[in-house]
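Presented below, as structure tokens, is a lone chain in the form predicted alone.
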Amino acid sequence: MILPFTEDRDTGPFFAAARENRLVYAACEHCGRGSHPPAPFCSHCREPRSAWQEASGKGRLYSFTTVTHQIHPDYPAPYVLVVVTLDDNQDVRLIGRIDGDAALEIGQPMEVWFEQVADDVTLPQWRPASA
């Protein structure tokens, strides 16, 4: 499995929170706009300070694509790559994977779940929200 580098100074807090089954995002302390991945300065107002905010784990499906041709042996096809906009801050869009072929619609409610992919790596994933 391809694992992310989780000790990066910019994204380390995101992965540390995921290990605790929490979803967080960086938001500018000046204008409140979110950014993901985090950057050294706000892409909206250029202020250098941001703080980590807790997210509810709810969002809306922004985009998706179904992969039907297997590219890596650890990711058998089909699977669906999704991009979800957070309900808490619509500037933040996160990527996830749904195994199999899922029936999805743009704008549908999604919820996060956490997949432990290695001893020290947990990834936020997304699924359609239960009613």
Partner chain sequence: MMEDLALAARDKCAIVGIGKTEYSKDSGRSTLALATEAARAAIADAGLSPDDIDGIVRCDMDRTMPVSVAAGLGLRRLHFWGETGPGGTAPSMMIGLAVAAVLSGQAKAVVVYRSLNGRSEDRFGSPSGPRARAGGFGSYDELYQPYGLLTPGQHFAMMAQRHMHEYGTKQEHLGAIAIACREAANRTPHAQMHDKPLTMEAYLASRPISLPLRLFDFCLESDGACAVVVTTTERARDLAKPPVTIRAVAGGQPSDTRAGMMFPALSRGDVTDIGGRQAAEELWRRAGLGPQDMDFAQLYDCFTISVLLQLEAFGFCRAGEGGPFAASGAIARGGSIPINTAGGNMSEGYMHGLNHFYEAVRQLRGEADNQVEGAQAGLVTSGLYPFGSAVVLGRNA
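If you're wondering where the values come from, they're calculated on a predicted model, not measured in any experiment. Numbering follows the first chain given and starts at 1.
Although not depicted, the form predicted together with the partner chain is the subject of the following passage.
Practice prompt. Answer for residue 63 alone: is it within 4.5 Å of the partner chain in the model of the complex, judged on heavy atom distances?
Written response: Result yes; residue 63 sits at the interface with the partner chain in the model of the complex.
Worksheet item: Would residue 44 show up as a contact with the partner chain in the model of the complex if we use heavy atoms at 4.5 Å?
Response: Yes, residue 44 sits close enough to the partner chain in the model of the complex that at least one of its heavy atoms falls within 4.5 Å.
Practice prompt. State yes or no: in the model of the complex, is some non-hydrogen atom of residue 49 no more than 4.5 angstroms from a non-hydrogen atom of the partner chain?
Written response: Residue 49: no contact with the partner chain in the model of the complex.
Worksheet item: Can residue 91 be called a contact residue for the partner chain in the model of the complex at 4.5 Å between heavy atoms?
Response: Residue 91 belongs to the contact set for the partner chain.
Item to complete: Quick one: name the residues from 64-83 with any non-hydrogen atom within 4.5 angstroms of the partner chain in the model of the complex.
Response: 64, 65, 66, 67, 68, 69, 71, 72, 75, 79, 81, 83, in sequence order.
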